[in-house]
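As structure tokens, one chain now follows by itself in the form predicted on its own.
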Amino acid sequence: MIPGVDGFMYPNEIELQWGLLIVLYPYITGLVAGAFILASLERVFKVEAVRPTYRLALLTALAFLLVAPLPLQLHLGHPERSMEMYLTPHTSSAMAMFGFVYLWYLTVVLLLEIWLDYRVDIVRMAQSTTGFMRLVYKALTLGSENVSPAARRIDDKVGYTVTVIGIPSAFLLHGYVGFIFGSIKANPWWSTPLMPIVFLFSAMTSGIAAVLLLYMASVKVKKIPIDMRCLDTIGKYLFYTFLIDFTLEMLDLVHRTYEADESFRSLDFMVHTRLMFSQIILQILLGTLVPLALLAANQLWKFSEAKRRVMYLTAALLTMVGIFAMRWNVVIGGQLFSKSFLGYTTYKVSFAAREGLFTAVGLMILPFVIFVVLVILLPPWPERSET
């Protein structure tokens, strides 16, 4: 009898090949896509209410995008070989082609839009600062110091075009992550055509929630009044997006239950045993139903500003927990049962290993450190950027 194993499992199935770092990979990538979609609401769809979070959302997307490939790099036995996928493209490999999707989104979309939006401010700061920071801002101008009205109009037009291109690119970025899991037909937990769509809407949900939290934290640190109209609008879009995401997940569940193929009994056993806490309690109850109820209550009734802020804060935090639990259930839960459906294994998170809890916590803290640096370098607040 092997400890932690019930029933019959093949030897190569006892130890999970994908651990906590691979859970972080789709989670962090989803925050990028969701934050960019929120930023596009103001730039493309002219939702003026979310203007205070436009630049904040772009910097959030950049901070998390810079960290997104690190879980994969740490998971690899030889991370230096990852450069080979750029030198020798392999179009039949979903993971290899993701590298090109990532570079496209980072360089052509996100960095270019941020530079175009900040270019005038960068030129001004290059002229007003001294010492080392003057050299930094001078380098960031890329030699373009024309801030005439005509040049600004060109920046706006090109920036608008980049944002329009960036919307399907954001969909592609995280839809591709869902495709990687959904295309692995050997695993019935992942093999569903709804997987890319579910991943996409859950990414939008988590990204919007992350920007909402960072906005509330930023105005608290800056000691400036919070824009409740902006907060209410973000909460509204978070509610709508989350509702669509939950509906898609329930649709997938109903389809699996009705179809009830040979894998259904095994999956049902997993949900009622090993994934009871992470899926039923964390993902569905605390991470989905409670935040949806809080967001719906704010849509139906007019609470005071203080109560609305607490409700939005609680809903956003629980949403982040719920989406992470969803990623955990997909990545880890999909490996806990045998392909023969006759056995089940367990997964224990180590602490100080390469793919342990300590590394994962560090990877989750790193984007926020980068975000703070970006906010100091490129202030998203109008009163700072106009000085």
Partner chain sequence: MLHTAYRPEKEMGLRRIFTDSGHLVRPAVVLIAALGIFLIIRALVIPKAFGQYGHYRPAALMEIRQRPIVYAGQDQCVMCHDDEAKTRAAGKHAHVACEACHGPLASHANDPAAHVPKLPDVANLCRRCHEKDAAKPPGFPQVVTAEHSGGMTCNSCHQPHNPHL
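Numbering follows the first chain given and starts at 1. Model, not experiment: these values are computed from the prediction.
Missing here is the form predicted in complex with its partner chain; even so, the following discussion is about that form.
Heavy atoms within 4.5 Å of its partner chain in the predicted complex are found in one stretch of 270-278, 210-218, 102-110, 68-76, which is 102-110. None of Q127, Q299, S191, N146 but one reaches within 4.5 angstroms of its partner chain in the predicted complex through a heavy atom, and that residue is N146. For the residues K236, H255, R265, H90, the 4.5 Å heavy atom test against its partner chain in the predicted complex is passed only by H90. Mapping the unseen interface onto this chain, L116 counts among the residues with a heavy atom inside 4.5 Å of its partner chain in the predicted complex.
For E249, no non-hydrogen atom is located within 4.5 Å of its partner chain in the predicted complex, even though that partner is not displayed.
Using a 4.5 angstroms threshold between heavy atoms, I165 stays clear of its partner chain in the predicted complex. Shown alone here, L243 lies farther than 4.5 Å from its partner chain in the predicted complex, counting heavy atoms only.
In the predicted complex, the residues of 138-163 lying within 4.5 Å of its partner chain by at least one heavy atom are, in order, L142, G143, S144, N146, S148, A150, A151, I154, D155, V158.
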